[in-house]
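Form predicted on its own, single chain, as structure tokens, below.
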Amino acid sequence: MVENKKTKNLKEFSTSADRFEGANLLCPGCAHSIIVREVLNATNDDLILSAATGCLEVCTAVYPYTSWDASWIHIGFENAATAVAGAEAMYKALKRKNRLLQPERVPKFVAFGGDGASYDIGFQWISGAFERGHDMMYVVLDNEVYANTGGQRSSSTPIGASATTSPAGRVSYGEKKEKKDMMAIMAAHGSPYVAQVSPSKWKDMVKKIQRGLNTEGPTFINAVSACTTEWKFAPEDTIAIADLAVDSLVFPLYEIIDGHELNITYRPKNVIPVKEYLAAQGRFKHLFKPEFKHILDEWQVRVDKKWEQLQRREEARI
């Protein structure tokens, strides 16, 4: 990890001026703004940012206004990683040719995308950027659905969730597929740092963001971003839902270093049943009908198995 004097301590972080303004059109209670604010405020470095088409982009840059107090580009649904990787490559080329006007200013390169733009449509672009080894960070705002285009399921949508293209009904319990393990996929790319975070555990989140920014090479952050609209809960409950996600171990918080060293960074003192997390969201309400009880049981088994695997891997350091 590269030492960076511009990394903020937690006190500086909490009192610094925002580089992501609160005036935007995101839904009340949307976790996107919380996560993005913490990424931008984690460092005093200059930032070169890109954002895929999605909720974040359409709600923060309605011409002639912008919420971004940093260099930012909106690019296509699929290629936020390519845009920021191109900027990083250009910076390195100008540096080699001694053509930088202010060579003492060393920017950080960050791309944002939702799960649709990251797990699905833009995956090949992210994979290519990581394979080429660009010095950048990719942040997934994971709300487990195509929230900006009508609530369609993505490969991040968990089993049993009702979405517009995987609706629950008399004979269907909703999404049939298990959520894609994006953390394992990105670690398998040999990334020097991948981490899973939640805005409800902000100290853990900021430390991981800072480590990602200060690590040379392509790094990856997967952030649970509770969606009041598609998950169907009250806007004021966003952080409570995020807490349920991590305390039920549905969204465990951990990091993987150099593709193999796994560290669990948060262990709930009181692990709650998965059904408490599911019961708090309207997208899962049908699972509590008698005919779908087996899906609740399957959920718990899968989460327990995944947690056991993470703990074994941490102990083995493999």
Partner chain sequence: MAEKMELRDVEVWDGNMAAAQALRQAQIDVVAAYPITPSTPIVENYANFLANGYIDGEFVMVESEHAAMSGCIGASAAGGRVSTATSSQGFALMVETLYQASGMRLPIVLNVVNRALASPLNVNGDHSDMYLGRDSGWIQICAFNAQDAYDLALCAFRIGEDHGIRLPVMVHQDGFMTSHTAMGVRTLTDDVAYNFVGEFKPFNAMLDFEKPVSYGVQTEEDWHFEHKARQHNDLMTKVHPKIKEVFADFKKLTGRTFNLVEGYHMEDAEVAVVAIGTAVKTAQVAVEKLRAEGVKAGVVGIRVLRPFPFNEIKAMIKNLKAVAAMDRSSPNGTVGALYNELAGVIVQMDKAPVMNNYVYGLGGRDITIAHFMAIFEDLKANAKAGKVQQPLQQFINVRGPKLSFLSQE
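Everything quoted here is computed from the prediction, not taken from an experiment. Residue numbers count along the first chain shown, from 1.
Same protein, other form: the form predicted in complex with its partner chain, not shown, and the subject of what follows.
**Q** Spot the stretch among 244-252, 158-166, 174-182, 92-100 with residues whose non-hydrogen atoms come within 4.5 Å of its partner chain in the predicted bound form.
**A** Stretch 92-100 is the one.
**Q** From the list Asn222, Ser191, Thr82, Asn214, which entry has a heavy atom within 4.5 Å of its partner chain in the predicted bound form?
**A** If I apply the 4.5 Å criterion carefully, the residue I get is Thr82.
**Q** Verify the flagged residues Phe284, Glu298 and Asp304 against its partner chain in the predicted bound form: is each one within 4.5 Å by a non-hydrogen atom?
**A** Not a single residue of the candidate spot has a heavy atom within 4.5 Å of its partner chain in the predicted bound form.
**Q** Should Ala187 be counted as a contact of its partner chain in the predicted bound form, where contact means heavy atoms within 4.5 Å?
**A** Looking in the predicted bound form, residue contacts with its partner chain do not include Ala187, since no heavy atom lies within 4.5 Å.
**Q** Using heavy atoms and a 4.5 Å limit, would one call Ala61 a contact residue for its partner chain in the predicted bound form?
**A** Yes - in the predicted bound form, heavy atoms of Ala61 and its partner chain come within 4.5 Å of each other.
**Q** Looking at the partner-bound form in the predicted bound form, is Thr265 within 4.5 Å of its partner chain by any heavy atom?
**A** No.
**Q** Is there a non-hydrogen atom of Ala70 within 4.5 angstroms of a non-hydrogen atom of its partner chain in the predicted bound form?
**A** Answer yes; at least one heavy atom of Ala70 falls within 4.5 Å of its partner chain in the predicted bound form.
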